[in-house]
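Given as C-alpha cells, the chain that follows is alone and in the form predicted on its own.
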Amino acid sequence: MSEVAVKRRSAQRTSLWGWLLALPTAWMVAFFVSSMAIIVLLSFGRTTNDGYPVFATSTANYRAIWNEVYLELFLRSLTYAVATVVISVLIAYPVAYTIALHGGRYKNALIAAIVVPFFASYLVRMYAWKALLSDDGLVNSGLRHSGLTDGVTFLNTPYAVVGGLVYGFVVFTILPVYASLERLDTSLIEAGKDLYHSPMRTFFTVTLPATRAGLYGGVLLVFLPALGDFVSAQLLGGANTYMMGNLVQQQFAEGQNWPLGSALTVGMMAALTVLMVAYLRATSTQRRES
C-alpha cells in the first residue's frame, strides 16, 4: 500500500473519530457546561419578594456562605466523607484481594454478586436501610426477640449516615482495587515472601504499592459523591447530621433561594477542587519518590 493511501486512510479514521466524539461533546456542552455556567451566574443573583431568582452582580451570597452554621455543615460533610473513604477501603481491599487472588474460576460470579445489587436505585437502597434500621425494623426486632436488648436507636445518628454512605459507594472502591490486583504479577508476591518472609511485610512492601493506582482511584470515586450526598443524611439522619448537600437541596426546594444555593454549590466545588489538587499533587510526588 502506498504512503499516500496510508495517509488518506489515517485521515479518514481521524475524521470518523471526530464525528463520533462530536455528539457526546455537544451533549456535555449543552447540558453540563451550560448548566454550570448558569449556576455560576446565578450565584451572583438575588431573590425577588415573590421568591423568583434573578441575575445580578451581587456578592452577598458568597459573603453569606461564611456563616458559622454553613462552615460547620461543610466540616461535618468532610468528616463523614473521610470516614466513608476509610471504612470503604478497609472493606474493599480485603474483598477485592480475596476475589482477585483466591477467587479462581468464581471471580466473575463473585464480582457480579457484588455489583448486581447496585443496579437498584440508590434512593431505593437507602429506603431499604431505613426500613432495616428503624425502631420497629428487622434489626431491632431480631435484637428484641433474642433478649439481648430492648432495641438500639440506629437512625438519626452519624453512624447510620456514614453506614449508608459506605453501603452506597463501597462498590466504587472494590472495582478499581480489584482491577489493579487482577493485573498484578503474582510472582512479585512470591518473591516478596522469599525476601521479607512476613506476609504482612510483603503486603505493605510489594502488594500495596503495586496496587496504589487502583486504591487512589477508589478513594476519589468514593470521596467525591460522599461529600455532596444528601440522601443518606435525609433518610437515615436527623437535624444534627445534615450535610452540605442537604443545605443546597433545601435552598433549591423549600427555601426558594436559588442564588444562595448556587453560591453554596460553587463554594463547595471550589473547596473540593483545592482538596483534590492538593491530594493529587501529594500522591504524584509520593509516586515519583517511590
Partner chain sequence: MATRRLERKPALAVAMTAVFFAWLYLPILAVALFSFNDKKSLSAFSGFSLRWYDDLVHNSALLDSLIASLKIATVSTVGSLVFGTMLALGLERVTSRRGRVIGAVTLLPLVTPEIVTGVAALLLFTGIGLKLSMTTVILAEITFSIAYVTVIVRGRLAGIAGEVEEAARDLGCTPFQAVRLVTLPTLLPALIGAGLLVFALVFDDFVLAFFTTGVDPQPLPVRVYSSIRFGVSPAINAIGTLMLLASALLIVAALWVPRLFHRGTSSLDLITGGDPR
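Numbering follows the first chain given and starts at 1. As the structure is a prediction and not an experimental result, all values here were calculated from the model. If you superpose the two forms and keep the largest set of C-alpha atoms that fall within 1.5 Å, you have the rigid core.
The same protein also has a form predicted together with its partner chain, omitted here; what follows describes it.
Interface residue among Leu71, Leu148, Ala113, Leu208, judged by heavy atoms within 4.5 Å of its partner chain in the predicted bound form: Ala113. A single residue from the set Tyr216, Trp129, Tyr80, Phe154 has any heavy atom within 4.5 angstroms of its partner chain in the predicted bound form; that residue is Trp129. In the predicted bound form, Gly45 stays away from its partner chain, with no heavy atom inside 4.5 Å.
Taking the partner from the other structure, its partner chain in the predicted bound form has a heavy atom within 4.5 Å of a heavy atom of Val248. The closest non-hydrogen atom of Trp66 lies beyond 4.5 Å of its partner chain in the predicted bound form. In the predicted bound form, its partner chain lies farther than 4.5 Å from every heavy atom of Pro158. In the predicted bound form, its partner chain lies within 4.5 angstroms of at least one heavy atom of each of the following residues of 53-91: Leu90, Ile91, in sequence order.
The Cα shift for Trp27 between this form and the one not shown, taken after rigid core superposition, is 2 angstroms or larger.
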